[in-house]
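Here's a solo chain for you in structure tokens, the form predicted alone.
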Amino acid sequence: MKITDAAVYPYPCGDTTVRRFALEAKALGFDSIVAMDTPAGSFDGVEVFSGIVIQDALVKDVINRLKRVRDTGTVVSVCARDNGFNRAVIGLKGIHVLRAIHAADKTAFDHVTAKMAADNGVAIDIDLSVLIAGRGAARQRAIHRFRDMLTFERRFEFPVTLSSHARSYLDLRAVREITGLCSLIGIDDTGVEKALGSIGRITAPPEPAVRVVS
């Protein structure tokens, strides 16, 4: 199982090269990172998944973006919006992660959306940067949203990812620090380990069906 930071933003989106991100991630206990708008690769044993984030788009635009990255191994994320939009994109083949659930309306994620995420193997992301850099009411609101989402996770068991959303290698956090942050929203050590391994599971090709020959 690969321990993965599910979203970093290398240069030119941030100020750090993907190689520097990978080396720092390795020092902090990670096996892989999802680097947005960056080709896949490997640096000193750290796997780099190519990722994209689709935001402020209509469902038809999401479908068009999916067509362009099909069969490329890209980790495809969509930023959450209203409940109808979230249900629609979760049902699309090729969507891996629904992000920014903390910033969406409180009704944007319910038991139906949660079951769809579980059935389709779509992960719901926890943006650690909100817990690190957020302040006051906005941070508390995000904590409550994450806790509400995790209530559904315990019931339906959809995947959860953990992302630093780092734009500099200085924004990365060690696995031990992430475990402490996640305790604020009710994720224990086992849950953190499982979430850090979610990218490897949701991007793995489906196992071939077993054919019985008599």
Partner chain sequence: MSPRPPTLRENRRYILVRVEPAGTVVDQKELYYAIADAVTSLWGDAAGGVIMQAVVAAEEEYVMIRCLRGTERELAIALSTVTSWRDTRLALRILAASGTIESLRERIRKQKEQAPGDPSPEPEGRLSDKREVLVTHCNGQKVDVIEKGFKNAHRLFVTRSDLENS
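Note that the structure is predicted; figures quoted are calculated from it, not measured. Positions refer to the first chain, counted from 1.
The same protein has a further form, the form predicted in complex with the partner chain, not shown here; the description that follows concerns it.
No residue of the trio 65, 68 and 91 has any heavy atom within 4.5 Å of the partner chain in the predicted bound form.
Using a 4.5 Å cutoff between non-hydrogen atoms, residue 177 counts as a contact of the partner chain in the predicted bound form. The closest heavy atom approach of residue 131 to the partner chain in the predicted bound form falls within 4.5 Å. When the partner chain is considered in the predicted bound form, residue 28 lines it closely, a heavy atom lying within 4.5 Å. Taking the partner from the other structure, the partner chain in the predicted bound form has a heavy atom within 4.5 Å of a heavy atom of residue 173.
Taking 150, 57, 181, 52 one by one, only a single residue has any non-hydrogen atom within 4.5 Å of the partner chain in the predicted bound form, and it is 181. Of the stretches 131 to 139, 107 to 115, 68 to 76, 81 to 89, only 131 to 139 has residues with a heavy atom within 4.5 Å of the partner chain in the predicted bound form. In sequence order, 15, 16, 17, 19, 20, 23, 24, 28 are the residues of 13 to 39 having a heavy atom within 4.5 Å of the partner chain in the predicted bound form; the partner itself is omitted from this view.
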